[in-house]
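Just one chain follows, in the form predicted on its own, and it is written as structure tokens.
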């Protein structure tokens, strides 16, 4: 849900349901690296609620578009980490014979 002004699209607060610090801090990090963002922060209204409010203020671009770009960038970064990890695991397994692998019992 977006809370913003109808006349100023450059600043809005977005409420994300069923999310916590994990996503909010990652999105905040990516948004703060974007030169179009003049301010970004997040809050959790109450510790027992799984809601996050992310505030985005830009230098003129639509806050909604900047948030979408940040989420796409974050998804790309997560995919890169997943692919790199999978390649490393596959490479490690290829160098180990099944007799050499130690498995804790």
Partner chain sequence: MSKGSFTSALNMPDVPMGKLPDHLEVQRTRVVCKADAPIHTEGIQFSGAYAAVGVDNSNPLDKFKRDFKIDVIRLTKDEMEFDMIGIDAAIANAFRRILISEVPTMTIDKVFMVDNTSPIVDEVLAHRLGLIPLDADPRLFEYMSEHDVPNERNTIVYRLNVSCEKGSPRLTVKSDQLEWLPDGSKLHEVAPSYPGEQQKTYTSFSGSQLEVSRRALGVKHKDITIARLGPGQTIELEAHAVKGIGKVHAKWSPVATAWYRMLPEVILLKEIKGEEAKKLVKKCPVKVFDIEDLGNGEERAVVKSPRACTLCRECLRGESEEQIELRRVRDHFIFTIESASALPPEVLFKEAVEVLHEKCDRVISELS
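Given the structure is predicted, the values throughout are model-derived calculations rather than measurements. Residue numbers count along the first chain shown, from 1.
This next part talks about the form predicted in complex with its partner chain, which is not shown.
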| query | Would residue 61 count as touching its partner chain in the predicted bound form under a 4.5 Å heavy atom rule? | reply | no
| message | Would you classify residue 9 as touching its partner chain in the predicted bound form, given a 4.5 Å non-hydrogen atom cut-off? | response | no
| query | Can any non-hydrogen atom of residue 57 be found within 4.5 angstroms of its partner chain in the predicted bound form? | reply | no
| query | With the cut-off set at 4.5 Å between non-hydrogen atoms, does residue 76 touch its partner chain in the predicted bound form? | reply | yes
| Since the partner is left out here, which residues of 22-45 would have a heavy atom within 4.5 Å of its partner chain in the predicted bound form? | 22, 23, 25, 26, 28, 29, 32, 33, 34, 35, 37
